[in-house]
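A single chain, nothing else alongside it, follows as structure tokens in the form predicted alone.
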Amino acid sequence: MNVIILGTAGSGKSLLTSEFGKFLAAEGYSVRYINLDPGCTFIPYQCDFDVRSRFTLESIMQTERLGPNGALLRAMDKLGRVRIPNFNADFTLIDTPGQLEAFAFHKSGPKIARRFSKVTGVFLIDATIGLKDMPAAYLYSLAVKYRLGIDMVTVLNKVDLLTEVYAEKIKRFLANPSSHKLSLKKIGVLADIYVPLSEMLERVVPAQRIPLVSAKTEAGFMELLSLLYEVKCVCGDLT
């Protein structure tokens, strides 16, 4: 199975790639690693394919005299033309650029995703962002899933930074997003948007359970592994 690790900057993609890979290896699976982030300076795992062997953001900035944003877009153009190997392993974990929007919404993103067979995305949401921002983060994950056109599992990462009480509150929210709208002060346009958004998510979220995981402590890794298998199940039941 090819697993594309996605998420916003700082959500813990590289650490989860590393630690989930170790977990899979300890469970007896063969694991390969692919790094598609040309801008990172350090990765906590041993790559089987590293795009930085072809080009880096720094090299593009220097040779083409581009700023960081221009170099990132040029890197996505180059990435779309790079031959990325398909490894014969139980799991190939694919780490993506920190700037998610450049990967997911550039023309190269869907093109790269289609190159892999049996591909599933794992979208990380930083659990510390708080309940009030959870609907927007989850909506972003749905947009990325639609854009890339792949099956995707959404997880909340960094639960080790939450108290048990707050983690339980997040679980209740994910089970019933619209229930939280009653705790908001209905002032202004944003409150008017939040209510229908929460009601919409209530219809979407129950179709797939969202595990609370920690790339640091390996909490929730077994449930994530189960979901990766279930997402390809013909029954289609991820609840």
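Residues carry their position along the shown sequence, with the first being 1. Here the structure is a predicted model, which means the values were calculated and not measured.
Keep in mind that the form predicted in complex with a small molecule is not shown, yet the notes after this line are about it.
Partner contacts here mean any heavy atom within 4.5 Å of the small molecule in the predicted bound form, and among 105-113, 160-168, 142-150, 68-76 they occur only in 160-168. Within 4.5 Å of any heavy atom of the small molecule in the predicted bound form lies no heavy atom of Leu24. Contact check for Ala9: a non-hydrogen atom falls within 4.5 Å of the small molecule in the predicted bound form. At the 4.5 Å threshold, heavy atoms of Ala215 reach the small molecule in the predicted bound form. Although the partner is absent from this view, Leu15 contacts the small molecule in the predicted bound form, with a non-hydrogen atom inside 4.5 angstroms.
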